[in-house]
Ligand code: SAH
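Just the one chain here, laid out as structure tokens, in the form predicted alone.
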């Protein structure tokens, strides 16, 4: 049975489905629209319990899912939406025990998903040059995972990944940066053979540039780019229709596989002489 503890972040949800994040602290009081509830009345209660404020208003007290937590946690940088966060570990094939390089950490949303995916034996190494982002992200991660698990699985480097990657033979490199093409020369030596490079970018020109850089490097195969759209539906009795609001384009995910070429492709034009009448492409 999961019960709430002091120091834990929970969500209070009213009858309209509105979410009010709350950091539990023994002895503290939470006020809402002129009503109050003692944190001590929630601490020790079971996850999913209904609680009542001083004026009789009822809320559900819930431990937030990872998607809910990332949407409502304090942020210093724009976070990725859950629809993209959910796909990134799948398309990067992040598995328990993997070693991941990521940059930048932002507010910590993607980092949380990666830490959950690599499990207790995996490692996420995050590069972030902004100290304010790094500190906020670390607080968000520790609030959700706890300080011990965060220290065991996360290594935070306050360094510029554009200037180099200290690690070698890592399993995955996952980037949420404006210029990931600058990382590709470092990714070539840092990624193990068979490793996966993934980046998230909001615009077509950025995608074009990173895909071209991957092709020029000549050690990446299976280069793919896609986007995802999420359209909720309203279902109320016989009234079934798409929601009037949806999350459309948020960005493009580009993936590539690091390969180890043991031979160079033959230059057909320099090693063969075309026969008379054979078409020669320019």
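Given the structure is predicted, the values throughout are model-derived calculations rather than measurements. Residue numbers count along the first chain shown, from 1.
Note that the form predicted together with S-adenosyl-L-homocysteine isn't included here; everything after this is about it.
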{"property": "S-adenosyl-L-homocysteine: the contacting residue among 99, 160, 143, 189 in the predicted bound form [heavy atom, 4.5 Å]", "result": "160"}
{"property": "Contact residue in the predicted bound form, chosen from 83, 139, 209, 130 - any heavy atom within 4.5 Å of S-adenosyl-L-homocysteine", "result": "130"}
{"property": "Segment assignment from 148-156, 104-112, 89-97, 201-209: heavy atom within 4.5 Å of S-adenosyl-L-homocysteine in the predicted bound form", "result": "104-112"}
{"property": "Residue contact check: residue 77 to S-adenosyl-L-homocysteine in the predicted bound form, 4.5 Å heavy atom", "result": "yes"}
{"property": "Non-hydrogen atom contact residue 194 with S-adenosyl-L-homocysteine in the predicted bound form at 4.5 angstroms", "result": "no"}
{"property": "Residue 171, heavy atom within 4.5 angstroms of S-adenosyl-L-homocysteine in the predicted bound form", "result": "no"}
{"property": "Residue 177 within 4.5 Å of S-adenosyl-L-homocysteine in the predicted bound form, heavy atoms", "result": "yes"}
